[in-house]
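First, one chain by itself: the form predicted alone, in C-alpha cells.
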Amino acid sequence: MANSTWTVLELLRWTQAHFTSKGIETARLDAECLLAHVRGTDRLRLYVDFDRPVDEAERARFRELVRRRATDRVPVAQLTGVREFWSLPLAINRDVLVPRPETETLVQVALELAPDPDAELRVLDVGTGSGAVALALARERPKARITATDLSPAALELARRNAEALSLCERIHFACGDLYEPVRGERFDLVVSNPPYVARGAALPPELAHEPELALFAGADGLDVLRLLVQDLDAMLEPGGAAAFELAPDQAGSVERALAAGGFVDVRTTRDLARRPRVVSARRPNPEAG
C-alpha cells in the first residue's frame, strides 16, 4: 500500500490480491467486510463510494486488520466483532465459535421438525455458543420457550448480550453446565445442538487456532460428544419430540445408526448448501399417536 492516495476500489483490489496470495479463499468478501467495518458502513455502500479516497486514518486501521487477517489468520468476525447469521447480527469474540453458514442448515431442519409457527414449544439448544441457533429459532417461533446451555460462562454471557441486543432475552433461558446436566428432569419438544465434532489431530484451517478448543474437539474420531447426546436423548424428549444435530459429513452414518438403535424413528440426514451431509435428525416415538 505505497500509494499516497487510495480509492475504495483500489484498496479492495489490492487487498483481494494480497489475501489470495496468502491462500485465503474468501479474499474479496474478507476485503469488503474489513473495509466496510473501518468506514462504518455496509458492503453495498463501498461500491457506491468506489471512487472516493480513503483517508490516512482509515487506511492505518485497515492495514492493521489486513495484517492480522493475512499473517495471523484471525477470522474476519473476530476482527470486526460481528457476524450475520440467519439475517441476525451477532456479536462475536474469541470465547465462541464463529457461526458458519452450514449451521443455518441446522436451523432449517429444526423449523421443519416444528413447522407450526404458533406452537408453544419447549426447545433446548445444547452448546449454544454465541446463541446463534437459539436466537434464530426464537425469531422464527415466537411462542417457543427456549433453554440454551453451554459449559462456558463466557460464551453464555456473550449469548445473553446478543439476546438483549435483539430484544429476545425474555424468550430464552440461559443455563451453564455440561450438555444436558443443567436441565436434567425436564423434557422438551425439540432438542438441537451444534456440538464439538472435530477429531483430535485433524488437519484444520489456521483460523481455527483462534477459536475455543472446547467448542471444537471431541475425541479421536470427533464423536465423543455426539455419542453422549444420543445416549441420553430419550430422557430429554417428550413422546413425539424431535432432535437435530450438526456434524461432520463423515459422521452422519454413525449417528444415524446410533439413533435407530436407540429406538428413534424418522431418522434422516440433511445436506448443507454444498451438498455435504450436515444434520442428522430423528423423532422419539409417540405410542399415543397410534
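Please read these numbers as outputs of a predicted model, since none were measured by experiment. Numbers for residues come from their place in the sequence shown, where the first is 1.
Separately, the form predicted together with a small molecule exists; it is not shown, and the next lines address it.
Interface residue in the model of the complex among Leu190, Val133, Ala159, Ile146, criterion: non-hydrogen atom within 4.5 angstroms of the small molecule: Selected residue: Val133.
Considering only heavy atoms, tell me if Leu151 and the small molecule come within 4.5 Å of each other in the model of the complex. Result yes; Leu151 sits at the interface with the small molecule in the model of the complex.
Are any of the heavy atoms in Pro195 no more than 4.5 Å from a heavy atom of the small molecule in the model of the complex? Contact check for Pro195: yes, within 4.5 Å of the small molecule in the model of the complex.
Contact flag, Leu214 vs the small molecule in the model of the complex, heavy atom cut 4.5 Å: Yes, Leu214 lies within 4.5 Å of the small molecule in the model of the complex.
Find out whether any non-hydrogen atom of Val123 is located within 4.5 angstroms of the small molecule in the model of the complex, and reply yes or no. No - in the model of the complex, heavy atoms of Val123 and the small molecule never come within 4.5 Å of each other.
Contact stretch among 97 to 105, 75 to 83, 199 to 207, 111 to 119 - heavy atom within 4.5 Å of the small molecule in the model of the complex: Result for this chain: 97 to 105.
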